[in-house]
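Before any questions on binding or motion, here is one chain by itself as structure tokens, the form predicted alone.
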Amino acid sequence: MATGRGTREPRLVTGSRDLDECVAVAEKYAGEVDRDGRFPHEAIEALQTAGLISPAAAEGRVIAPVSEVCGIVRAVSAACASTGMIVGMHYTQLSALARYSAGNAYLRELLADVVGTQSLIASSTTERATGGDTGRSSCAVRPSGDGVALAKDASVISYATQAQVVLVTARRADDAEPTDQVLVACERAHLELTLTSGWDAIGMRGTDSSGYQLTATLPGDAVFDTPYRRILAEDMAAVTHVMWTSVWLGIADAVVAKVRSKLAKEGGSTARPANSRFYEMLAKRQMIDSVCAAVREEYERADGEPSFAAALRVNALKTIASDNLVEIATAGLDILGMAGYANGSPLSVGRLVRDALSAPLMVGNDRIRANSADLTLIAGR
């Protein structure tokens, strides 16, 4: 599992000078990353050097708790949302690997290697054949010599070429149902990626969320013992939405800071209508923050299979946070006027608004609301 990358000590330094320096690097290159649609190498390397890609934790934990990482993701996202999204998506995969690798020596060694080298883990859950439905797979794990093989036509894999590991969903076997999924840890040395579609989007341009034909031949132990449905219900769904929301809170923080700067300079009665709208922005940001904190705390307290109510709250977090972020960003643009609209202006929110527009699309809010309606009917509520 050698990566060729030197070992870096994972650290838990939220709010420290190290994090501030990483944020400064992310901010310095954010415009260039957005303009060129390129991976944020400088910011990610700064976070790796600081040990903040896979931060350590007290009391012998392998990785830091979700609440600590949220602070890192939010701070970085205020400077460069693409960088924050990459860190958040990586941590979601890292959390699943840490939680469900017990008893599997191969996966435990892989976890130690990823944390020790501060390498990235990417995710491949969408597939062209299933229309982006992450709860179903067309591809399947097949026996191959002493191990297994799989081939997946993935519609999106963010930062795939920059990751040491890609966690891939697939059917358990050729004769398995589309919903009988497993999670497979594909190391770079074991997989081949063929580009099938590029990434030239209006926002989150630095995440490099291209499409690939993924093929891999792997040791049998690369397949997680726990079914993917359980991993998703117990861990990934909550961590994903909490991490995404932390990115969106970072964007909201950046918009709020620009509006606050403008209103502070203007002052007086002429600013009162704008002040009122600014208050509404702050209230919406506080609502997102409060709902995120509640879901995060519930996840960290959970000691069993989540209830229907918990799943509904996770879904609600996503739709509430993403819808309100768009309203915050567009309200900020309205208040700032041409100063916010003009590229190159110190008060420009063009990138922030474009990044915010991705929020309702990841996964589509209509799909999440339909899923919540199904859960409500099943639960008889």
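We number the residues from 1 along the sequence you see. Being a predicted model, the structure only gives us computed values, none of them experimental.
Below: the form predicted in complex with a small molecule, not depicted.
Across the proposed site, P65, S246 and A293 without exception lack any heavy atom within 4.5 Å of the small molecule in the model of the complex. The partner is absent here, but in the model of the complex a heavy atom of T207, alone among Q181, S95, Q118, T207, sits within 4.5 Å of the small molecule. G132 is the sole member of G132, G147, G71, P227 with a non-hydrogen atom within 4.5 Å of the small molecule in the model of the complex. The stretch in contact with the small molecule in the model of the complex, judged by heavy atoms within 4.5 Å, is 118-126, chosen from 276-284, 118-126, 257-265, 216-224. In the model of the complex, the small molecule stays beyond 4.5 Å of every heavy atom belonging to A237. In the model of the complex, the small molecule lies within 4.5 Å of some heavy atom of S158.
Although the partner is absent from this view, L361 contacts the small molecule in the model of the complex, with a non-hydrogen atom inside 4.5 angstroms. In the model of the complex, the small molecule lies farther than 4.5 Å from every heavy atom of A170.
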